[in-house]
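Consider the single chain below, provided in C-alpha cells and representing the form predicted on its own.
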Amino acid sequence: MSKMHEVEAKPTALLDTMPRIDAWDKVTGQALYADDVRWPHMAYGFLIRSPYAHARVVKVDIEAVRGLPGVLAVLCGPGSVAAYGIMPSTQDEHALAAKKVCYLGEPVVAIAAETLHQAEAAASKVVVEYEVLRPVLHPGVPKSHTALVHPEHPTGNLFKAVDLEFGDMAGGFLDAWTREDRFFYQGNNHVAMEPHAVLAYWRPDGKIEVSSSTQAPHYVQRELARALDVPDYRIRVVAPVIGGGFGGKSEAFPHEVAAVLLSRECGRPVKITLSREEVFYTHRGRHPVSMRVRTAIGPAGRIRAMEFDTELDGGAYGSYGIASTYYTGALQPTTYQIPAYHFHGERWYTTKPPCGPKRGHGTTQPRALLEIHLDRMARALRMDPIALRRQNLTPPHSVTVNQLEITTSGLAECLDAVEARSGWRERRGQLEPDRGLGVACSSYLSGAGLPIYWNPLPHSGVRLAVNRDGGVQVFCGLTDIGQGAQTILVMLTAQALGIDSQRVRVYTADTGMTPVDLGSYSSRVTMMAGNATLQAAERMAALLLHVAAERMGVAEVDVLRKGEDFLVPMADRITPWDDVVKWAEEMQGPLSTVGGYTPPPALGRYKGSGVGPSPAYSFSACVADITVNTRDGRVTVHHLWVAHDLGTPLNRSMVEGQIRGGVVMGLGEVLMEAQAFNPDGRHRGPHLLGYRIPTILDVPEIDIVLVGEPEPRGPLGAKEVGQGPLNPVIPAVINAISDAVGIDLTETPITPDRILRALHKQERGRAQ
C-alpha cells in the first residue's frame, strides 16, 4: 500500500458530498436506457410465449407468417445451439422451448419485423399445439412421471440438496432447553422501474454487438458464447444506463439470445423490449422458502446448537439456484456465535418462472425466521430481545463455525444505536394498546469470495489513462445499476491522484473496451472495483511523483502536494499537474496503469464452502414502531430506526439513499408483495395494479445511523451498503406486530387478512 493511500485514509469533505456524475442526465431525461438505443435499419422482435405452465409442444406451424408484410425472420425449435445457464454446473436453458414448456410465459417462437405492430400481428398467425400436462406448483416428489419438470434430471424434481454439519450437535442439544419454529417466506419480484430490453446485431463480419439492460455484461458475453457456439471475443456486450436491477438482470435471458439469433437470420439489428407482464414471467426473483429452525439454549441465553432446514421453490430452471440454496444456510453464524450448526437445504423444480437472486440473495428469507425465532425464545425465557442478541453476537476478528472470516464488525454498536434512538428501554411495554416495538439484526457480504465460474483471475480490473490535456480516463467493466458505482470510481481516482474530480471520466460496462469486472451483484462493486481503481490510481500517482522529482532535481520525499500542484518548499518551486503530466508523457510515452482485485482466499475447504466467504461483512440492526388496527388488520409503520456498519462511508448522500431504498423494499416484502400463482400456473397479478409495492404514502419516518470502524480490506475503509440494510426490516416489523397484539405469524406477506385470522385464532384459544 502506498504512502498516499495510508495518509489519505478517509475521503475529504468535498468528495464525501460529491454529487452523482449521472444525476443531471437522469433528472433531465437525457440518459439513454436500453430501450432508448436506436441503430440504423433496426428491426423489432417479439416472443410468442406459452399460455400453459406445463405442456408438451406437439406442433409449431410458422409457414403462414413468412410472407406477411414486414416480417423479416421467424424462429422456432431450441433456438440456441447449446443449453446455457449462469451456473456452470446447471446448463439447462434454451432460448426457445422445442419439446416442452415448463412455465407459463416460456418463449416458443421468435419473430422479427419492420415494426413491433407487424411482429405482433404476425404472432397471431402462428399455430402452436400443446399437450397440456398437470402443473407442478409445489416442491416435493411427484406422483407420476408426467409431473417431472425435467424427466432427464437424475434426481427428478429435486434440483439440489445440501447437508452441512459443524461442531458437536449431539452435545449441543444434550440437556438443553430448545425451541423450534417454522416459517414460509413468499417469493417476490424485483419490480425494477426499467423492464428488460436488448438490441443485438450479428454483423456481416461475424462479430456480434449487444446492448442490453444487464447487471453483468461479462457473464452475458460468456453465456451468449456458449448458447451460440461462437468464441467470446466475437461478442461485445454493452450495458447502457440501467433503470434498476436488484439482481433481476444478472444473467443471460432467452430474449437476449433470441435477439441475436433473429439478427443473424434477417441481417439487421433486432430489438426486444419486455412488457411489464413479461418481466414478471421472466422473473428470477426471490425464492419462496419453507423453513424450520431448532435451537438449543444454555445458561444466560447462550446459543449451544442450531438446526436450520430450508426448502426452496426454484421454478423451472437452475438460474443461480445452487448458490441460492447454500446462501439460505451460510450466513446465520456471521451475526451470532453458534458452536454447533447443522444446515439442510433443498431446491426443487416447479413449473413456475425460474427464481434467482434478489437484493440480499438467499439470505433474506432465513434471516426473517432466525430473528423471529430469537424474539420468541426471548419471550419464553423472559429476556429482553436485545439482551438475548447481545449475549450471542459473533465478535469481530473471529472465524465462524462454518469457517467464514469476520474482520470488522459494528453489530454491537448497531444495536446500541437503534436501542438508544428508538427509546427501546423506556418505551417497550409502555405503549398504547395495539402498538409495539420490534428489533432484528442482520449481516451481508461485501462481495462474493469466489466467481461464478471458478478461476484464479482477478474479479475486477481497471485500466487508467492520463492524457496530455490533464484529463484522466478510468476503464472498468462494472455496471452502474443506480447505486452510484461510476461516481465512486471518480471519487476514488480523484482522491488517490489529488486532483479535481472534474478531470476524471469513467467508461464502464463494455466488454469490448474495458477490463473484466464480474458485474453488479453480491454488493461487490465498491469493494472490488474500488480496490482495483485505487491500485491503478496509486501506481499512476507514484509514476507522476517520480517524474516530478526527477525533473525538479530532488528526491521524491521532498515533493509535496497542495491541491493539484507539486511543490518543492525548500526550492520554492511549484509545478502544476498539467505540466507534470506532459513531462511524464515526454519521458514515458502515453500514460497508462492497471489495477486488479482478487479477494483473499476462503478458509473453508468443504464442498459448498465457496458460498458465503467474503472479503468483509456489513452488519445492520433495525427497530420498528408499528400499530395494528385490530378491526381491519392493517399495519401502520410509524418509524424505523436502522443502524448500518459499512466501515467508512465514502459518500453519505448515496449511502443514505441505498439504505432508504433497501428499507422501503423490505417494507414491501413484509407487508404486501407476493409472486403468487393460480392453480393453472398463471401469475395472480403480473402488473403494477395487481402486484403491490410501497408508494410514498407507505414510507414511514426512517432514522439512519452509520456506525463502524474503517475496514482494512475495503477501499478507504468501506464495506457494503447496497443489500444488507434490507434484511433486518422484515423481521423487525413482524416482531413489532407480535409485541403489539401477541400473535405469532408464520408467513409473508403480513396482509390484513392474515392478521385477522391470527387474531381470531387467538380469541378462540382464550375462549376455550
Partner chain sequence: MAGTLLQLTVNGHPQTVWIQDKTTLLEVLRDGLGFTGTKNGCAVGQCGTCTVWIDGVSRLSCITLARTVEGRTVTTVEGLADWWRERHPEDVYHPLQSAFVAEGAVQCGFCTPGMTMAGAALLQEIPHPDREEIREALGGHLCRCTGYEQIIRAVAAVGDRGKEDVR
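Small disclaimer: the values here were computed from a predicted structure and weren't measured. Numbering follows the first chain given and starts at 1.
The same protein also exists as the form predicted together with the partner chain; that form is not shown, yet it is the one meant from here on.
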Original post:
With the cut-off set at 4.5 Å between non-hydrogen atoms, does Gln588 touch the partner chain in the model of the complex?
Top reply: no
Original post:
Looking at the partner-bound form in the model of the complex, is Arg468 within 4.5 Å of the partner chain by any heavy atom?
Top reply: no
Original post:
Can you check whether Asp375 is within 4.5 Å of the partner chain in the model of the complex, heavy atom basis?
Top reply: no
Original post:
Does the partner chain come within 4.5 Å of any heavy atom of Ala31 in the model of the complex?
Top reply: yes
Original post:
Thinking of the partner chain in the model of the complex, which stretch from 533 to 541, 89 to 97, 653 to 661, 383 to 391 has heavy atoms inside 4.5 Å of it?
Top reply: 653 to 661
Original post:
Since exactly one of Pro142, Pro195, Gly77, Gly498 fits, which has a heavy atom within 4.5 Å of the partner chain in the model of the complex?
Top reply: Pro195
Original post:
Using a 4.5 Å cut on heavy atoms, which of Thr636, Thr155, Thr695, Asn455 is close to the partner chain in the model of the complex?
Top reply: Thr695
Original post:
Which of the residues spanning 23 to 42 lie within 4.5 Å of the partner chain in the model of the complex, based on heavy atoms?
Top reply: Ala23, Trp24, Lys26, Val27, Thr28, Gly29, Ala31, Leu32, Tyr33, Asp35, Asp36, Arg38
